[in-house]
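In structure tokens, one chain follows: the form predicted on its own.
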């Protein structure tokens, strides 16, 4: 009797183990899960919010019965130390690929070290690390656009507008009095965008007089405040506003609106990024032009790279520059072709 009980117990145990193994075989293994950790510098940045929304949508297209994709997003609120801590938390939670928009592009060492310890790939985006940092090991990539190109295109937009409309030179002195709203003090993209926009104007024979520039940290409210200060100093002398992004261009317009300036007394405004609100401002005739930063293309490239880097499949199908970089081109946006871009957004 005792031997029968032992035999029966053994049969039940084997059946339970077989059932358990069958259940486990139906679950996704660790290699079939892509857990993406996204760290970005500040949630107040309109372009980045739109880019990350596109990125999430692109990642969904990779989900299937055989592949599970999850995304965790963290906002560093402008603090590199906070971002370092957030990256550690996401790695501790099991993220197996990181997408990082650095607070300080010159200080990625903590994040790179954390990822190296766990053999986790990093896709830096929108804020390009120093080349030496990106080249120090395998598994580090960058997705973005060339800042120089955006500055040149903004300058070309301004050149065309000035040549086509002699009323921009309101005081008829043969020079364009301009101000600049710059993204961040010492920020590589901000400096490059400004320098190339101004140089493009000059190289095309546009005589310029720089009145002032202000740092507005890519932020619409700060730009409004800085623009009010410059208006207070220069009154009606400002004929051209070059802003490093759309939000700051819109902030400059807000300043003039608040001070009840008539349309004939306004300067011309140019932005960069082609955000939803920026494109609408071009359609409404409030902004003379912007430069479209291809968030859809960048999001698609990031999603494809993230899945390939996490699963080890598909890397051979991705085209890199210098084995590390993926750049998407900018496009000039004027009122003439604004419907084309707004249709793409829709």
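Numbering follows the first chain given and starts at 1. Here the structure is a predicted model, which is why all the values come from computation and not from measurement.
Another form, the form predicted in complex with ligand BGC, is not on view; read the next lines as being about it.
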| query | Given that ligand BGC is left out here, which of 189, 182, 75, 239 has a heavy atom within 4.5 Å of it in the predicted complex? | reply | 189
| message | Within 4.5 Å, heavy atoms only, which of 301, 288, 279, 48 is in contact with ligand BGC in the predicted complex? | response | 48
| query | At the 4.5 Å heavy atom threshold, is residue 127 in contact with ligand BGC in the predicted complex? | reply | yes
| message | Residue-level question: is residue 269 within 4.5 Å of ligand BGC in the predicted complex, judged on heavy atoms? | response | no
| said: I'd like to know whether residue 40 contacts ligand BGC in the predicted complex, with contact meaning heavy atoms within 4.5 angstroms. | reply: no
| Stretch from 81-89, 119-127, 155-163, 257-265 whose residues place a heavy atom within 4.5 Å of ligand BGC in the predicted complex | 119-127
| task | Between 289-306 and ligand BGC in the predicted complex, list the residues on our side with a heavy atom within 4.5 Å. | result | 293
